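Before any questions on binding or motion, here is one chain by itself as structure tokens, the form predicted on its own.
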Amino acid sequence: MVTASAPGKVYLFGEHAVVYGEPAVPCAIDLRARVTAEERSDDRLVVHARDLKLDGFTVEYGEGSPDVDAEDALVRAAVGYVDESVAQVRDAAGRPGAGLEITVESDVPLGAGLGSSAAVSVAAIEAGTRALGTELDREEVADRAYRVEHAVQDGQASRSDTFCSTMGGAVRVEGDDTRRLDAPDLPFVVGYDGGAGDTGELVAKVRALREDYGFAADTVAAIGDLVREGERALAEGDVEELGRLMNFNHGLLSAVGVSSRSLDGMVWAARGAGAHGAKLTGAGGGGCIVALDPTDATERALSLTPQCERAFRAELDAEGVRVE
């Protein structure tokens, strides 16, 4: 039996644009998904998935789709990544018929923009391959986890979430070019509206807008230009400039239709409390915003904001995937 964990993430800049080869800078945070894998004596796959959403539900199933009373998209999100991760585990170990018992527990709310699917995929591949007697280097873990997201998200995934979850810290992703960045301790504050966006649907929405309107394609390219400015600010440790660029990035994401009233409400509450900057993080449509504020003011303001179900401070997690 092997247990591995991997961190969730927030985006400083670049979500959605990264799908089109523009750079993005996600940062791992100290919320983790934990996956325990144990080899079975038969060829069955048994999965226990708990707490994949903040209010929680449990799924237990063998091969195939589970029969549970829950929103279909939520079920697919809860189990699809695990199924594809197990396929990668079996392939990496050269044991296509290996039986596995997988237990998933996560601090990362599902679909909230904090990289829950990447964290689960990375942790599952690390735990599963080790349980079958195979050890992968981090680059292969990241690559196989990317293949999981690519399959589940119908070819619309980027390497950013899975690379960040595997390596930890702040990373830069531009197409297949992935690397870690030096970063100061950033004063992250996260606001969560209790909802979730459908990543595939939102990515498809941006794709359609980008194809229909040249100015929407220009907006996506502008996000890439903004990321390059943000890299310089990050290297210099200029938190105030990072905040200004985050504000600009949120405006561009709103322009391509992936924000929401709840996300905008939390962003403006954070800015009103004096945060250096605030923006949605992840696919959008609902879920989380991230702000930069070294004081308690933003967390306090978000906790009093009607659109915000939960507000908390998050730390940069430099470790990445690990065996527990």
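So that there is no doubt, residue numbering starts at 1 and follows the sequence shown. These numbers come from a predicted model, not from an experiment.
We do not show the form predicted in complex with another copy of the chain, though everything after this point is about it.
Q: For the chain shown here without its partner, which stretch in 40-48, 252-260, 27-35, 286-294 has non-hydrogen atoms within 4.5 angstroms of another copy of the chain in the model of the complex?
A: Stretch with heavy atoms near the partner: 252-260.
Q: Considering only heavy atoms, tell me if Met167 and another copy of the chain come within 4.5 Å of each other in the model of the complex.
A: No.
Q: Indicate whether Glu241 is a 4.5 Å heavy atom neighbour of another copy of the chain in the model of the complex.
A: Residue-level check for Glu241: yes, a contact with another copy of the chain.
Q: In the model of the complex, does Ala216 have a heavy atom within 4.5 Å of another copy of the chain?
A: Result yes; Ala216 sits at the interface with another copy of the chain in the model of the complex.
Q: I'd like to know whether Ala269 contacts another copy of the chain in the model of the complex, with contact meaning heavy atoms within 4.5 angstroms.
A: Yes.
Q: Residues Asp225, Leu245 and Phe248 are flagged as a possible site; in the model of the complex, is every one of them within 4.5 Å of another copy of the chain by some non-hydrogen atom?
A: Yes, each of Asp225, Leu245 and Phe248 comes within 4.5 Å of another copy of the chain in the model of the complex.
Q: Which listed residue (Leu186, Leu209, Ala93, Ala98) meets the criterion of a heavy atom within 4.5 Å of another copy of the chain in the model of the complex?
A: Of the listed residues, the single hit is Leu209.
Q: Go through Glu236, Glu229, Glu201, Glu139 and name the one with a heavy atom inside 4.5 Å of another copy of the chain in the model of the complex.
A: Comparing distances to another copy of the chain in the model of the complex, the residue within 4.5 Å is Glu229.
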